[in-house]
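Encoded as structure tokens, the following chain is the form predicted on its own, with no partner shown.
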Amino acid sequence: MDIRFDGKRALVTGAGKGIGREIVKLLTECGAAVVAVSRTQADLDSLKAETGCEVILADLTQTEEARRAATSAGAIDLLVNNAGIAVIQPFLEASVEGWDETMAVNLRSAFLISQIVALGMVERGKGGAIVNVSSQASMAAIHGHAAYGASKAGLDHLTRVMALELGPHQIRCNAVNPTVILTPMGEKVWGDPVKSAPMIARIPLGRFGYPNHVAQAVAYLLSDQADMITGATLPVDGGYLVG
């Protein structure tokens, strides 16, 4: 199966590192013209040098910054809402600041950017595809993940509502739900073997994932090969959620 995005324009948020960076690289290799959004200029500069993508510097915790990024990206055929943060705090110690920042990045920015991009898709009348990068934590309770899990559960349901309302315009909306992915953020949270061992023990494949595992799933859901798939939440979790 050869996935190609020639003639397509893609927008990827949270593109500077980890999963987002891998998605930009893969979509570019598949022929898409990619616009990458990050809040770190150095990451954007190196990504542009590596892939030739267009770049937008934006802090997606800010409503107007998110809207500006979506608007300045121009006409978009493929959208990947990948931007995310993890503020890991026990429930009884969780802060309002951590909760609000998590919701702003993980959920609100996806809503704001998708709204603007989808409106453009509707106006052009050619359909499109949107993939939201969620998490296994949207479906399974994990210690310390109150804000993160709630934000991703909200993102899953936002995906379903988007699929329902945008489907008549031939805009497909899906989510991918990874397990622990060994990005810098994943290493920071799960790098301690004492903490990671119980999690790995719950994964039937017995291992964490890498950014390319998520990027490949995203590319498939964006592609014409997934033309009849919308409203889905696709685990990329080594079987974690079957337990």
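Residue indices: 1-based, along the sequence shown. These numbers come from a predicted model, not from an experiment.
We do not show the form predicted together with a small molecule, though everything after this point is about it.
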request  = Quick one: from A215, L60, A32, A70, grab the residue that has a heavy atom within 4.5 Å of the small molecule in the predicted complex.
outcome  = L60
task = Heavy atoms, 4.5 Å, the small molecule in the predicted complex: which of 70-78, 166-174, 132-140, 89-97 makes the cut? Say which one.
result = 132-140
message = So, A10 and the small molecule: in the predicted complex, are they within 4.5 Å at any heavy atom pair?
response = no
query = Is the gap between T40 and the small molecule in the predicted complex 4.5 Å or less for some heavy atom pair?
reply = yes
message = With the partner left out here, check for me: in the predicted complex, does some heavy atom of M185 sit within 4.5 Å of the small molecule?
response = yes
message = Can you tell me if N82 lies within 4.5 angstroms of the small molecule in the predicted complex, counting non-hydrogen atoms only?
response = yes
